[in-house]
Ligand code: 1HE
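This document starts with one chain, in the form predicted on its own, laid out as structure tokens.
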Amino acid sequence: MNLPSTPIGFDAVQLTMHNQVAVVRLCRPTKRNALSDGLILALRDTFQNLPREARAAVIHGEGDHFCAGLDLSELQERDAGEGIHHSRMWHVALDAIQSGNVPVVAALHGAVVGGGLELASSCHIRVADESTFFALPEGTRGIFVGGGGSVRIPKLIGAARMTDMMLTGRVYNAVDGERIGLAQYLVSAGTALDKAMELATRIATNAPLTNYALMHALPRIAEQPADHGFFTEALISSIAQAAPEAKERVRAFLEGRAAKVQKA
């Protein structure tokens, strides 16, 4: 897909605006977009400082792969305290994606491995093309996930499947990855970015407060006891529907000015 060539930001990460969609590209193709500390910090700063006009975002990787994981050339010996601080740096960066102001769609192709899968799991929607493969090789390399994967990935596929991936080095292809929940969409090779842009453009037309509630309230409600969840739902529902834009959208539907849901 041809996108505007007006990059804003860092060498490892480039941001372009496509109308109301912020398109974030990982720019280390010769390293299969492996996650260096510099790239992680660039992602943090990019998502913490998205342009005000952004209503949705897409993240994708330059070259043949989305992201092949941690840049092992930067792996160094750390004591326990240093390791904790390094892991927490990743947590802050990926939380800026998951818990930011706009929904984020990941366009996946090629390797989505280790830290790349942790990055993808921090996005709200994942589109995989047929070249995509998923893996968590940390277990076979004597290390453990440190970018939030142990929290996010089991919520997508369950702890048992993640345990299997890490214990055995199991690799999921695109079809099986979509089937178990690592992606919500599966598209032809080379079209993940097109589909992600289509979805993000549609998301950008939603009422911002509703998008924000889906990003921030829904995951919390899902983890609350039922009685707490029902009460939180009632609060968020009343806040969202009280927004002027929501009232206008409901009015448009009632007056026949809004499109009805059609069978896919």
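Everything numeric here is computed off the predicted structure, so don't read it as measured data. Numbering starts at 1 and runs along the sequence shown.
In what follows, reference is made to the form predicted in complex with this ligand, a form of this protein that is not presented.
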Query raised in the report: Taking His18, Arg52 and Leu199 together, does each of them reach this ligand in the predicted complex with some heavy atom inside 4.5 Å?
Result: no
Query raised in the report: Among Thr168, Ser73, Ser188, Ser99, which has at least one heavy atom within 4.5 Å of this ligand in the predicted complex?
Result: Ser73
Query - Listed residue that, although this ligand is not shown, lies within 4.5 Å of it in the predicted complex (heavy atoms), from Arg179, Arg141, Arg161, Lys155 - result: Arg141
**Report entry** Thr205: touches this ligand in the predicted complex, heavy atom cutoff 4.5 angstroms
**Finding:** no
Query raised in the report: Does at least one non-hydrogen atom of Gly83 fall within 4.5 angstroms of this ligand in the predicted complex?
Result: no
**Report entry** Interface membership of Thr30, this ligand in the predicted complex, 4.5 Å heavy atom rule
**Finding:** yes
Query raised in the report: Hey, in the predicted complex, is Val113 touching this ligand, heavy atoms inside 4.5 Å?
Result: yes
Query raised in the report: Of these, 225-233, 207-215, 191-199, 31-39, which stretch puts a heavy atom within 4.5 angstroms of this ligand in the predicted complex?
Result: 31-39
Report task. Could you run down 121-139 and flag each residue that has a heavy atom within 4.5 Å of this ligand in the predicted complex? Result -> Phe133, Pro137, Glu138
